Ligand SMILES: C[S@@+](CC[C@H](N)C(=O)[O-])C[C@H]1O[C@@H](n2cnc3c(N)ncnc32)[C@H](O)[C@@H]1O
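Take a look at this one chain, the form predicted on its own, written out in structure tokens.
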Amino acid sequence: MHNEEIIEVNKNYWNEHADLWFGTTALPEYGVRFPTEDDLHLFGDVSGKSMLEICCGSGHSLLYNANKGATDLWGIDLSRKQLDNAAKLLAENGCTAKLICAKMEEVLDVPKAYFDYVYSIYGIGWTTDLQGTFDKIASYLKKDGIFIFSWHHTLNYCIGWSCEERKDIFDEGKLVMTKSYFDESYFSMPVDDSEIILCNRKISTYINALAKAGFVIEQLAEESDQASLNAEGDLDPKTRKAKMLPISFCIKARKL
């Protein structure tokens, strides 16, 4: 399947299901069973800062940063329905942002060398052109500007609970390798009554692409939240998994 076909499938999913995800995985949350911005403090003081969000979704992260004092907010998203929801949310809370319906893979109609921050909360992994997307993000940032993004951890899609026919292992709380860590091919995943298309990139793929785009990494977080790590007793499978491996990761990088 070509990149444009993948983008179209994913765009259709978000246009049809945006309301189901309204307000989920947005700042201060970075991801599933993962420390929040209140724990990590990756953004710091954003008062008066210019910020561009890639895959802004329902606008909740934009609203979060507006409430933190950011004064120049921009958001792009593939889905018109997501942007409609974001515009409504921001208006209801007396906030404004420049919202653009566009693919992150294309050159955006935004100023170059302008932003203090570009960020993406569980959005950057949707790109069909990682290197090109990082190169473009670098062009939008000022020198020493900050790029922060989070996504599913690669191991989360590679490791799962043993299947029913090996219930003896499952009962011992064992996880098994279900997919090669090195397999970065695209795969279709059924979600709700539809499907999405993703690829599971290695952590090194993200790091090397950042370096090539002219970023230096300041922090890589790949951990689980304390609630999951400290949970005891008869736990659900997702919490048990989070106690053993990271479900999400987050990178803070600075443009050189």
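So that there is no doubt, residue numbering starts at 1 and follows the sequence shown. Please read all numbers here as calculations on a predicted model, not as lab measurements.
There is another form of this protein, the form predicted together with the ligand, and it is not shown here; the text below is about that form.
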property	result
Interface residue in the predicted bound form among L130, M104, L90, I148, criterion: non-hydrogen atom within 4.5 angstroms of the ligand	M104
In the predicted bound form, the residue from A26, L210, V32, A66 that sits within 4.5 Å of the ligand by heavy atoms	A26
Non-hydrogen atom contact I121 with the ligand in the predicted bound form at 4.5 angstroms	yes
4.5 Å heavy atom contact, W126 to the ligand in the predicted bound form	yes
M51, heavy atom within 4.5 angstroms of the ligand in the predicted bound form	no
Residue contact check: N156 to the ligand in the predicted bound form, 4.5 Å heavy atom	no
One stretch from 174 to 182, 134 to 142, 71 to 79, 91 to 99 that, in the predicted bound form, holds residues within 4.5 Å of the ligand by heavy atom	71 to 79
In the predicted bound form: members of 38 to 57 within 4.5 Å of the ligand, any heavy atom	E53, C55, C56, G57
